[in-house]
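There is one chain below, alone, in structure tokens, taken in the form predicted alone.
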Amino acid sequence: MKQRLYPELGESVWWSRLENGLTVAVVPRKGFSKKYAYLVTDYGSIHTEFSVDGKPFSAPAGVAHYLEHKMFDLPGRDVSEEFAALGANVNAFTSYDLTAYYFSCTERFGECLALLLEFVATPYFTEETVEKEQGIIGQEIDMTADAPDTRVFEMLMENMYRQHPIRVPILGSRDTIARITPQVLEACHSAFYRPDNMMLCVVGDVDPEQVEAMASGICAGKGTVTRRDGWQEDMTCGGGGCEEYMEVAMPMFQIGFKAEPLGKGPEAVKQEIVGDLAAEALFGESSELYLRLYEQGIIDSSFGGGLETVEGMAMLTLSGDSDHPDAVLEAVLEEAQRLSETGVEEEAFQRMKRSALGRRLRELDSFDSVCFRLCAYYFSGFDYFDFPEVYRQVNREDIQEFLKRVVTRQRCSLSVIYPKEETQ
């Protein structure tokens, strides 16, 4: 393994690209008893269309999340119970473009890492267990359908995007998961749960060479996998807004503004930082707009947002509870136009940038955050610990240009959940 030093952060990382294709990163934390490990595959709910050696394959919506559930099954074994017996906490999640499996422990790290590598690399799917899981995930789908905060976002995505699969919920639907079979799970596991499409990150007081040696035992993938990674989306939205009525105390809203996909590498990270700072300048808690709307009683402390990015798309979003969601949208558009003309004051810009950089620096104390961000940014073609240099490249003109280009009526959509009684 090769060690890279980051003097500005006081950090170091041992990096290795193994013969089986797996990328391994170990972040030393000498003297700490806690240890964290993330095993991440560059595969999420949006990756339903791919080919293996030129043979096309189309998976049902929800298969990535379904696969995450099923990976914890081994013949005659309960992986979660085995981690618990080792004194470790294990979990997993599926996002639109990643699936992560992770554990934390203070003792018996080697045994825990061996178990993580084993169960993620071992597909075990039977007709009986797959059918049983359909009922469990079906109940999860029903629960999210009854969750206003989930519905307001899903409605917004359906309204904003015509082609990008973010318009499809991560869990899929009861109809799509009914089409998931052991053969489908096998195909997707073989295509994406392969070392050259994965990364292992460990943070803690561990031996980097031991981690590297253990990870080398994963078998390399077979065949050439090509996935669809581009969706033709224009920057206008499909409609002005959408609404639904549910059991909520007051209207719940989410506003989205389409932004160009970020791509990969340092320039993409710069644009991400620009978007986050633009959100802070426009409607952050210290912004003129936030204070004015709060004093007028149009918004409350639930109001906030930022730049959201998924492979192939990006958007500025803000959400909250308000009796006047349309007024919030109009105020945001008006303030964005003002800032795009006058710009953000230099003193305010520097203060926001220092604050944002400080938050990132504080996150380095979280083993969980370090593991996740190193993996997520690696798949975006960027070494996460290089972020201070990218912050230095951002200027207030970047913020002004972003607001002028992105926060417009043509690019926006408003999603609202109204209280049911308003229909009577």
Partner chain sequence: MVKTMSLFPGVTLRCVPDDRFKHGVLSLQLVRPMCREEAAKNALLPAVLLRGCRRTPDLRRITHRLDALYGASVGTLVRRVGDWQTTGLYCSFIEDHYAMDGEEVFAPMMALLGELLLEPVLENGAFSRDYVESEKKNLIATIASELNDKRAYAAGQLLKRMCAEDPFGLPRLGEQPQVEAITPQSLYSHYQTVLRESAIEIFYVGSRAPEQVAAQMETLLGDINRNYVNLEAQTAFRGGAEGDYTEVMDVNQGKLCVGYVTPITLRDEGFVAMQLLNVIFGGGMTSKLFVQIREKQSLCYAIGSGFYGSKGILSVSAGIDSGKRELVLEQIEKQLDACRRGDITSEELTAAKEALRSSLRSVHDSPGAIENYYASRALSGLPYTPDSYLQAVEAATAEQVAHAAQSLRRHTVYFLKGAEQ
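Just so we're clear, the structure is a prediction, and the values are computed from it rather than from any experiment. Residue numbers count along the first chain shown, from 1.
The form predicted in complex with its partner chain is left out here; the points below concern that form.
**Student:** Tell me which of 158 to 166, 308 to 316, 220 to 228, 81 to 89 has residues with heavy atoms within 4.5 angstroms of its partner chain in the predicted complex?
**Tutor:** In short, 81 to 89.
**Student:** Flag this candidate site as yes only if A178, A268 and L374 all have a heavy atom within 4.5 Å of its partner chain in the predicted complex; otherwise mark no.
**Tutor:** Negative, none of the three is within 4.5 Å.
**Student:** Could you check which residue among E243, E212, E186, E288 gets a heavy atom within 4.5 Å of its partner chain in the predicted complex?
**Tutor:** The residue from E243, E212, E186, E288 that makes the contact is E288.
**Student:** Quick check on this chain: which one of E111, E133, E233, E118 has a heavy atom within 4.5 Å of its partner chain in the predicted complex?
**Tutor:** Only one option qualifies, and that one is E133.
**Student:** For G358, is any heavy atom within 4.5 Å of its partner chain in the predicted complex, or not?
**Tutor:** Yes.
**Student:** At 4.5 Å between heavy atoms, is E11 in contact with its partner chain in the predicted complex?
**Tutor:** Within the cut-off, so yes.
**Student:** Residue-level question: is M252 within 4.5 Å of its partner chain in the predicted complex, judged on heavy atoms?
**Tutor:** Heavy-atom contact with its partner chain at 4.5 Å: present for M252.
**Student:** Test of understanding: in the predicted complex, would E260 fall inside 4.5 Å of its partner chain by heavy atoms?
**Tutor:** E260 lies outside the contact set for its partner chain.
**Student:** Heavy atoms within 4.5 Å of its partner chain in the predicted complex is the criterion; list the residues of 144 to 176 that meet it.
**Tutor:** Going through 144 to 176 in order - heavy atoms within 4.5 Å of its partner chain in the predicted complex - the hits are A145, D146, P148, R174.
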